[in-house]
Every structure is written in structure tokens, then in C-alpha cells.
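Below sits a lone chain in C-alpha cells, taken as the form predicted alone.
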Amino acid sequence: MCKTLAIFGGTFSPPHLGHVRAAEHFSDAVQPSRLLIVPAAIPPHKELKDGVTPEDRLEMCRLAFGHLPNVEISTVETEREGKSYTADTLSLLSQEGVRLAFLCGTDMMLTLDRWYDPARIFSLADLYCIRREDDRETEQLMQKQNDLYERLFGKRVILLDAPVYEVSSTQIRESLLTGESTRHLPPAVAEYIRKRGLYT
């Protein structure tokens, strides 16, 4: 029987309850032998300016996701020099007899054809998406993109049916900067941020 390695990557600055719930639903859907949470070192499409270190993000991920079964917080990207490309990470994690399942959010799902080496991404893993928005227009865009991916790469992104949790790390960083509520953060992550004085 083929084992499944589930992979959930992102900046995770900071990891919030939307991330946690997405990981829970993803794990329930694919029943992996291992679930890897992979904080990116230098995301190609983002520039980190908040002073939070990769070590901070790794520790926050341990605090946020540590309760999940078979979970591991991976340093595969934070320890690699240069930019973190999903295609390269999947190639590194690929092994015979193991199915890769990769979770992405709405933004990535809608732009996969413009990522680095998308054909390799589709060839190496089954792709899953959990939506962060709950609107008809986004749903139609996702279906249109899936039609494109099927034509280009012969595969579609599997859209998981999960409750939408509308929050982003950007919104949370802005709230932390102004001293507003941290209700969208796991309590242990909120406490770590407070003790370390992050995002202020």
C-alpha cells in the first residue's frame, strides 16, 4: 500500500488558526503517514521585512501544529541556501513508493501556472486547495483555472470542502502592530510573540 506524505508549506509569519484548521482538514482528507509543515526560507514572491527569524517561524509552527498526528516541522527550506521553490522542495521530498500530497491556498491555486516549473509541481504531487474566501466569483475563477491546468498539465487541483476561515497573516501582523486582539492566533503562538516582542 502506497504511503502518503502530506506537505503544507508557507511563510507562516505568524501561523494562525486558519492555517491550523486547514492542516487539520487536509490531514483528515489524505490520511498521511506523515504531515510535513514546511516554513519557507525566502519565499520567491515575498520579501520578509518584519525582523522575524526563520527560527522564530519554526518554533511558532511547532507551537501551532504540534498537536496534529504524525506531524513534523520541516527545516528542508530554512536550511537550504537561496530562494525556496516548491518544485525543488517536492523533488527533494520525492521517493519511490510514497505519494506526495501538497496543500496550497487560494492565491497559489489561482497562479500555479506562473510559478517556477509548474509542470514539475503537477508531476510530483497531488495538489489540494482549501479556500480562504467564501464567494461565488472566486469559486468560478478556481474552476476556470482547473480547466486550464487539466489542459496544460493533465491534472486538476483537488478542492477540499472545508469551512472557510477568512483571516491572513498580513491582517494579523497589522493587528499586532496596533495592539489589537490576537484571537486568530493559537494561544501558545500569541504568548510566544508577546514574550519575544515580535511584529511590534
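The structure presented is a predicted model; accordingly, all values stated were derived computationally and were not measured. In this text, residue numbers run from 1 along the sequence as written.
Another form exists, predicted in complex with adenosine-5'-triphosphate; not displayed. Remarks below refer to it.
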**Message:** in the predicted complex, does Pro118 come within 4.5 Å of adenosine-5'-triphosphate, counting heavy atoms only?
**Reply:** no
**Message:** Residue-level contact is defined here as any heavy atom of the residue lying within 4.5 Å of adenosine-5'-triphosphate in the predicted complex; does Gly9 satisfy this criterion?
**Reply:** yes
**Request:** Look up in the predicted complex whether Arg156 has a non-hydrogen atom within 4.5 angstroms of adenosine-5'-triphosphate, and give yes or no.
**Result:** no
**Message:** If we define contact as a non-hydrogen atom of the residue within 4.5 angstroms of the partner, is Ser169 a contact of adenosine-5'-triphosphate in the predicted complex?
**Reply:** yes
**Prompt:** Going by heavy atoms within 4.5 Å, which of 27 to 35, 148 to 156, 66 to 74, 127 to 135 lines up against adenosine-5'-triphosphate in the predicted complex?
**Reply:** 127 to 135
**Item:** Contact residue in the predicted complex, chosen from Ala87, Met108, Val98, Leu93 - any heavy atom within 4.5 Å of adenosine-5'-triphosphate
**Value:** Met108
**Item:** Residues in 172 to 187 close to adenosine-5'-triphosphate in the predicted complex, defined by a heavy atom within 4.5 Å, in order
**Value:** Arg173
